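A single chain, nothing else alongside it, follows as structure tokens in the form predicted alone.
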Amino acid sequence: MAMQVDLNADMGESFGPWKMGDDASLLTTVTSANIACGAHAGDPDVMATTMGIALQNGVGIGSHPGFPDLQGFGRRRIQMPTGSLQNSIRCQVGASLGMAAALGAKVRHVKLHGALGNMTSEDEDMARACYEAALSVDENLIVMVLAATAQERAVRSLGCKFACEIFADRAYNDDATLVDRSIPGAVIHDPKVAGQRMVDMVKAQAIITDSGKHIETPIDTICLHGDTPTAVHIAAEVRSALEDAKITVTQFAGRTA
């Protein structure tokens, strides 16, 4: 069977006159877009503009909720009561769905952002609570999860559609979690390195950690962060490397097993 994989990027993270990333350029390369909902980044105008460009380019639109933490860009770990966290996620996903509907578009997936994503990759109960909140707004959403972590265990227990994600520009620990950004080498900036490691992982259907360990997992989508200086170059190189390796780049369909 021919191999295929989706390319996704976090975007829509500009705010007012402050610009974060080059979303328009990324949207010519990726096949799925995770668009901020205004809690950790973004605003209504940015959301509308980003969704509009994604729609024009045939890119799948996703809701990208995070902690309500604009100053920290959603990358600070926050302890919130479960009910409050769930309500925040419902509001964010609801905003995405409403804006997309107004534009004649559709939100097809949801992905947790930043510290919320990292915490739920370690805590299955927290992940399940977040996903239940999102699915209570739209039960048909495909949940994008960090492959081989507590997030994946949570969606499998829920029986919902999901897509397993790996990161092109992040290093991995031996438990399949991401190396903390504060550690040197945690973020990969060399496009060539990023491209080759993605080919290697997709072909192996495994996460290859910093230590060289292989963690077998389905790989449905690859994340290309939109907020790094080399984001556009990494995205182009990863796509080119995959296609040169005869791996088809296309939107994920979602899986239940």
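Remember, it's a predicted structure, so these values are computed and weren't measured experimentally. Residues carry their position along the shown sequence, with the first being 1.
Beyond what is shown, the protein has a form predicted together with a further copy of the same chain; the following relates to that form.
Residue 47 is the only one of 232, 194, 27, 47 with a heavy atom lying within 4.5 Å of a further copy of the same chain in the predicted complex. Contact annotation: of the candidates 20, 236, 245, 249, the single residue with a non-hydrogen atom within 4.5 angstroms of a further copy of the same chain in the predicted complex is 20. Candidate site formed by 165, 183 and 228: none of these residues places a non-hydrogen atom within 4.5 angstroms of a further copy of the same chain in the predicted complex. For a further copy of the same chain in the predicted complex, the listed stretch (77-85, 174-182, 123-131, 142-150) containing residues with heavy atoms inside 4.5 Å is 77-85. Using a 4.5 Å cutoff between non-hydrogen atoms, residue 154 does not count as a contact of a further copy of the same chain in the predicted complex. Contact check for residue 43: a heavy atom falls within 4.5 Å of a further copy of the same chain in the predicted complex.
Within this chain, residue 99 lines the site of a further copy of the same chain in the predicted complex, having a heavy atom no more than 4.5 Å away. In the predicted complex, a further copy of the same chain sits within 4.5 Å of a heavy atom belonging to residue 90. Contacts between stretch 112-142 and a further copy of the same chain, counted in the predicted complex as any heavy atom lying within 4.5 Å, involve 136, 137, listed in sequence order.
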